[in-house]
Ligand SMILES: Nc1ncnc2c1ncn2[C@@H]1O[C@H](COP(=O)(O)OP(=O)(O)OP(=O)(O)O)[C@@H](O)[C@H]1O
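Shown below, as structure tokens, is a lone chain in the form predicted alone; questions about how it binds or moves come after it.
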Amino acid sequence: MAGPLLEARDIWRTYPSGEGEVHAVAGVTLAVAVGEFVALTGRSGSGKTTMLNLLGGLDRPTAGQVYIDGVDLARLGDRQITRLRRERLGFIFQSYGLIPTLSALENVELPMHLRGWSWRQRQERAIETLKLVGIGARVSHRVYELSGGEQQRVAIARALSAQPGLILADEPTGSLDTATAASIWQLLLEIVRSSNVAVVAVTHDLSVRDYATRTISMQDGRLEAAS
């Protein structure tokens, strides 16, 4: 049986403070397989975003190991981690992270351009992913012409465009109304079911429980109850 796509083994992230140390992530162990939509929930300050940064190689743990496709990130240099993120990971952020003066199509093309895909490959894949997320009719619109929900769908299409194995989402519905948020969670679930990927999302939006295949609460840097 193949191992997990993503695995964290007893990871810690500790920061110095005036009174000693603060453990933003404290001894977390987690495994995620292809086909899972895992949601980490918790209040602000619970360690969710720090955890996501560690899982995505954007930060390094003080102790413990993170593995992606069986590769220990601690054994990789900065250039190697950057390459792994580019080739295997897709990121979705609450602030979308789009370039407002570019069209939806141009934003989605960017990760593929960085990977050296041809113009034709980029065009075809960008249109395909924008259709997949339900805004195929808006490919030529610039980001500032789109609603918040449409912008988040562009961000999801961009995360999918270079065909990653793992998508990491940081509060992807934080700026959206309840109905639009529900449509984004449903879309992520459909992507997991149809695209042979795994999704890990951190959120304070407890409605995610209706869509995630596994929901784990986080408090004071530790994983608590799972459902």
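Fair warning: this is a prediction, and the values are worked out from it, not measured in the lab. Residues carry their position along the shown sequence, with the first being 1.
Beyond the structure shown, there is the form predicted in complex with the ligand, which is absent from this document and is the topic of what follows.
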Exercise for the section: Name the stretch: of 174 to 182, 190 to 198, 38 to 46, 156 to 164, exactly one has residues whose heavy atoms fall within 4.5 Å of the ligand in the predicted complex. Expected result: 38 to 46
Handout entry: Contact flag, Ala24 vs the ligand in the predicted complex, heavy atom cut 4.5 Å
Key = yes
Handout entry: Heavy atom of Arg214 within 4.5 Å of the ligand in the predicted complex
Key = no
Practice task
Consider His204 of the chain shown here, and say whether it contacts the ligand in the predicted complex, taking contact as heavy atoms within 4.5 Å.
Solution key: yes
